[in-house]
Ligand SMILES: O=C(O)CCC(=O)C(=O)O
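First, one chain by itself: the form predicted alone, in structure tokens.
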């Protein structure tokens, strides 16, 4: 599906399920350019900005290596983070007037025996936002399968709202277990998002998602962009986007949080 073809059906699917997959969003040539750019960030040992909730860094890095705000330093990454078609799809499916960038981040899941699964979790509990509704676009830089750690989603789970954050590298931690403890039984089977490099999934910040360990011989590379609808305001917690002048109760703004699409 081409980005321009996203219409009412896709909006409904996202609103009902909390996620949407668009295969072949980027061409092989485009995604090769992004892959080279991400490889450069690794070679340069680009500093990572992490809030691992007190987890052991080595364990966290076995889940994935996360590099934040690459758009600030790398023009080749910026063109994907600021891609207008990608941002317009995010705006459409979230049914808002405009979307603002929270931050981008590379998510590189290491291969081999030391690789660990990403626990079932939501994204929204880690974000400094008063309201829920922000969403992510997750770009597959490599072909992704269940063997190398593609995403899996539970349809409709975004309707549970924002729960407590889950430690991503603590064995046995899971938002599903949290749901069991609160008396909410989740019987819906997850949907596996296998896709070729260049495909994109969008998911709501409250959608339950998970990834297996990377059992392949190569890193699984992905690049994600977090979009905030125009009703989202700052709640005073740590801003991974890097802004220093945000006001509590006010929208995210400034050079670190540019508007990426307006309807």
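Quick caveat, the model's predicted, so the values are computed rather than measured. Residue numbers count along the first chain shown, from 1.
One more form of this protein, predicted in complex with the named molecule, exists but is not displayed; see below.
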| property | result |
| --- | --- |
| 4.5 Å heavy atom contact with the named molecule in the predicted complex for all of 91, 101 and 256 | no |
| Contact of residue 107 with the named molecule in the predicted complex (heavy atom, 4.5 Å) | yes |
| Close approach of residue 224 to the named molecule in the predicted complex, 4.5 Å, heavy atom | yes |
| Residue 141, heavy atom within 4.5 angstroms of the named molecule in the predicted complex | no |
| Contact flag, residue 211 vs the named molecule in the predicted complex, heavy atom cut 4.5 Å | yes |
| Candidate stretches 93-101, 119-127, 68-76, 159-167, one within 4.5 Å of the named molecule in the predicted complex by heavy atom | 119-127 |
